[in-house]
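This text opens with one protein chain seen in two forms, each one given by itself as structure tokens under the names structure 1 and structure 2.
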Structure 1
């Protein structure tokens, strides 16, 4: 009792402190709040531990980064994720090439020009875009390019669906960052007779550059793990296909999905498994699908977390945001 009162000027006899039930409630709240935080850490740690501990065997083998899954079944060893990495990188790269300029221009419009009804409509639209489920974006691209124009399923359609998901992320960050650029900079530029567009290009954008890059990287991280468009707009192929515009293409999420489908084959009847060369080796059936699945998951998480860390690293150099 005295310990809680030492900081207070009133003598202990005049002030008895909170009553027992109030103190109990206060303590209970503290316990619950702390518990909520601990509970939230459990899945994070558990999930990361599962992926790392089950995936690192495969990821550390040399063939993982150089070979495809061509001709491999869940019974045969070896093979890698090269085909999937190629597909993911290509699809995300095409998506970024389309989204980044559009999104940055929209951000500039909203901050530097946007007044009146059209700007309100644009803001509202970006809000809607933020909430569009990826499967709906994929259905739209399907309805437009495959149902209407009778195109074939291919990687570039995935990129287009990802554009819909990526634009709002970058618009929002660009907007936030441009708003942080002090008005004095613009005014100084105008005072020197510099036109508005040149002020934006040479003064405003360079000042906000690191912030915008952060937004772009976060946008890339957001779409790299999207799976729903892949299921609808491109078939999974275990061969390496570098052509975005024709044929099926592998990607990390669909590689995971493909291995997941074979997860429960371990109790098959055959009493052999295949080695890396496809030769039968006598002994128990071995299912390589789980290893590959967690390996692909680890690869994907590693790529995305690296992008996130990179984005935060860049954000440190952002002078105006601090």
Structure 2
């Protein structure tokens, strides 16, 4: 005689949706997260609206992109940001030429070869560099090249300071992208007798390429708006200087700083303007510094925004994500 065991059907409540308490908690969490997002969005939208509303009429002028501030005072209309754009692009370009190869190689070493004490020291050093303020990097370069070697302030020193800030960003991004490459791809390559270095060059790097490029672009956007190295390592010039290795050089952050210094001109508490002979005359003054300041700020934000949009566009073609 055999006994037949029949399992009892699970109660309907076992398969039911979340209870009332869970539903309430989920709704409360959704409301709190949404509210926090909206609160964080308020200053961002306010900032963008302020900069755009005050600076758009400057950047829409053709002269803004083709002229410098040479010979322009706060009372002079016209002029542009060409000298500042050239300086910013050159300084960031030299920084990228130095930083990108070093950072990518360090990232490859830490992921593919890093073992033992030296790898731990390298990781620890990158962690420290990640948190270094820009002014500390600028002071280090100043102490080394100007105080010790008696060099002159110039744009290339700014690039060296930016290198210190840019390398850890790209190293961390490269590490994360390489870690996302499936180990099966490496093992399949090794099984075919392909050397490790060739596996990295032919398999690993192409797979993570778009992710690494995204990290590089974000690193460039990170350093493009730095101000402290510019104030310490190179003086501001209203002329267009394409030579990174001599004389002062303008840039967008220092253009903003220069125009900010011209916001209020007063003698004994009274606003003044200059007459035909260059003498100060009390009275109302037409000050173009605020327009230029907001225009330079909008230009810098637009450049960084375009870099971030480009990084997002590149990330869409990431082979790892596919």
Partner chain sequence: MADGDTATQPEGSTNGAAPARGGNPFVPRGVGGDGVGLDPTAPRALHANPSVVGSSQPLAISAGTPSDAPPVLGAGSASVGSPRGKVRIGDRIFLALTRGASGFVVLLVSLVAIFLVVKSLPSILDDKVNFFTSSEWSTTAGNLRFGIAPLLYTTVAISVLAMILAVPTAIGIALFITHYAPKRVARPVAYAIDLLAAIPSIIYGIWGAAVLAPHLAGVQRALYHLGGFPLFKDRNVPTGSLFDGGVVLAIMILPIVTAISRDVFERTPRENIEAALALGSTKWEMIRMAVLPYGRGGVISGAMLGLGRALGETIAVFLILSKVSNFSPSIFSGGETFASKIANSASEFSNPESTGAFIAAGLVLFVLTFVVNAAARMIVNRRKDFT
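Only the largest set of C-alpha atoms that superpose within 1.5 Å between the two forms is called the rigid core. Residue numbers count along the first chain shown, from 1. Please read all numbers here as calculations on a predicted model, not as lab measurements.
Matching each structure to its source, the form predicted on its own turns out to be structure 2. Once both forms are fitted on their core, the CA shift for residue 44 between structure 1 and structure 2 remains under 2 Å. Superposition of the core reveals a Cα shift of less than 2 Å for residue 62 between structure 1 and structure 2. The rigid-core alignment places the CA of residue 53 less than 2 Å apart between structure 1 and structure 2. Core superposition gives residue 28 a CA displacement of 9.0 Å between structure 1 and structure 2.
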